[in-house]
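A single chain comes next, written as structure tokens; it is the form predicted alone.
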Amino acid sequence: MIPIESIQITAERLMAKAAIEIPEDYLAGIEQAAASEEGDLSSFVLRAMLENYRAAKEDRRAMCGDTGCPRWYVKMGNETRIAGGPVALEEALRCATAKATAEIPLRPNRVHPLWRTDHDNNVGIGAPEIEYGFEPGGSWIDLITVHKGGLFGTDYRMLFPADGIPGIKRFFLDSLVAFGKRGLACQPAIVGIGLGGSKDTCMVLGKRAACLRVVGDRNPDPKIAALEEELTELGNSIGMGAMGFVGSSMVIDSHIEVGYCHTGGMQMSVHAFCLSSRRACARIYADGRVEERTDPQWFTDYQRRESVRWELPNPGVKSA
């Protein structure tokens, strides 16, 4: 049984880590972009952001004035038991979000869409979002917080099977050009692409691809992996760099996730994470151990399963 106190304490620590400390994989990606960027203003932005990341960590302050919209991804092993159950879990995550907003502090971005009611804590109806995943075996819980920009940097289009790979590339580039020219995203960023599913699952897949995979990670399908690399190269060839200035550093990495869709369509969503790629995660075990890590490890073989029934790759061995 995992104590609810352990969940809330860990969640509070993760909220601070996500807001203040840039993940190592993304930091390496920004450093590589800064080293190769030749555009004057774009290069200046990248160097300034690297200095800002260092200052944020030293001063223990949020790395960006707009701290985005905190959200949670929760994954549990099949044998996991939580004291107080799922209602207590969600309350702990909402409490951690409110406390972090006051103490880090985070900018209270969440308001009612019509009345603009603001509780000054990033908590409200449907906020923060909490999404769930499950794995066979194990009695642990993974907590992943992502502070995702909450305004733009996202687009969706219903493509058709005949559009094929060229249609995917065209919409990808259309989106990036719009993001850069209209100031709809903070570049460079990890770009997530959702393909297939229904419209809502397509959007979920794209956002998870942007937020829950690390720089350099590749889809296990070799053809999709090759397309990820090609899209990154294409994105950096349109003449835009950091914050839409002239340059060649629009995309740090591209990640694609797919879901089976209606035979007559091919849904596609595009999501730019953020120049301040804010995520942190930890696994809490039933015996009280807490292991923090930088890779969310969300997209396992089980999450991408295609069959009706799931069989472990190694029969008789439980997944971690």
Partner chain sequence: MGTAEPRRQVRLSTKPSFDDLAALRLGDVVFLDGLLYTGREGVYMRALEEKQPLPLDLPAESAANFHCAPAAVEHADGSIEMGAVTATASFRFSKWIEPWLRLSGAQLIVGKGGMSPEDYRTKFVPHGAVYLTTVGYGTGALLGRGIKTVKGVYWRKELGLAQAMWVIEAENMGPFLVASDCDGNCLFERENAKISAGLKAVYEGTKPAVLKRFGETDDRSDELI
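Small disclaimer: the values here were computed from a predicted structure and weren't measured. Positions refer to the first chain, counted from 1.
Keep in mind the form predicted together with the partner chain is missing from the figure; the text below concerns it.
Of the listed positions (M243, L93, A127, M76), a single one reaches within 4.5 angstroms of the partner chain by any non-hydrogen atom in the model of the complex, namely M243. Only one of C69, A282, M266, L275 lies close to the partner chain in the model of the complex, with a heavy atom inside 4.5 Å, and it is L275.
At a distance of at most 4.5 angstroms from the partner chain in the model of the complex, all three residues N52, D59 and R157 contribute at least one non-hydrogen atom. Contact annotation for K181: at least one heavy atom lies within 4.5 Å of the partner chain in the model of the complex. Proximity of G65 to the partner chain in the model of the complex falls within the 4.5 Å heavy atom cutoff. In the model of the complex, D163 approaches the partner chain with a heavy atom inside 4.5 Å. Contact annotation: F134 falls outside 4.5 Å of the partner chain in the model of the complex, judged by heavy atom distances. The chain is drawn here without the partner chain; in the model of the complex, the stretch among 184-192, 137-145, 85-93, 217-225 whose residues come within 4.5 Å of it by any heavy atom is 184-192. Along 82-121, residues A102, I104, P105, L106, R107, P108, D118, D120 each place a heavy atom within 4.5 Å of the partner chain in the model of the complex. In the model of the complex, the CA atoms of E51 and G183 come closer by at least 3 angstroms compared with the shown structure.
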